[in-house]
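Next up: a single chain in structure tokens, the form predicted on its own.
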Amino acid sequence: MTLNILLNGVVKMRVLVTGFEPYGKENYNPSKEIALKLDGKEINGSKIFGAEMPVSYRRIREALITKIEEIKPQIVINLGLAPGVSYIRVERVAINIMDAGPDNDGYRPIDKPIELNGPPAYFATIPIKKIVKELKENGIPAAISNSAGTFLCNCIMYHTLHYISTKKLKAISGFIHIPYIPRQAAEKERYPPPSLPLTLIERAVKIAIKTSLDSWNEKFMK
């Protein structure tokens, strides 16, 4: 993995941010918009690559691995929508199970492993507590979550961490759930669910990226 060193000694890294396409009854997914809005931007001299991922158990791994092998990122942050939450939810763990759906291909697995011979779980390697602390100090509601569910959010988190682990990459990764944005909430019948402005969510993801960049440097550049 080739790294470019800046004049001040900081590594110029690559960051992959993924978001999902719309799914189910949702005709819009803010995680996709955030990922694509960040594509091509730089944070602390490091380039951000944004990518849309399919809501498909069978297609997600190839789409993800293709991007990782193309970009060779030092940091991977997967984003996904969590209807009903009112804050930025930083996930701690991904488990080796698929048990939700149907996905956008109509597939609904029941108690199926993501990786047949993979470990039961992986913990996020981005600094989840530091990220939540930074978000709160910047006035953004945030909390750690101990379950990413059993749908595609958990699946992509597991695939990412498994690939990094098995390939022994100098990379860190994690998953962040984001709420509806206001216009989505306004479309819902009866009482609108919680939401956060898209600009605030984008700011939160940028803070998570910056905090993760600092953590990568602390871990690998000693």
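One rule holds for the numbers: they count along the sequence shown, beginning at 1. None of these values were measured; they are calculated from a predicted model.
Not on display, but discussed next: the form predicted together with a small molecule.
Though the partner is left out of this view, Thr160 does not reach within 4.5 Å of the small molecule in the predicted bound form, counting heavy atoms only. Looking at Asn29, you'd find a heavy atom of it within 4.5 angstroms of the small molecule in the predicted bound form. The closest non-hydrogen atom of Gly80 lies within 4.5 Å of the small molecule in the predicted bound form. Lys37 falls outside the set of residues with a heavy atom inside 4.5 Å of the small molecule in the predicted bound form. Partner proximity in the predicted bound form, defined as non-hydrogen atoms within 4.5 angstroms of the small molecule, places exactly one of 125 to 133, 145 to 153, 69 to 77, 111 to 119 at the interface: 145 to 153.
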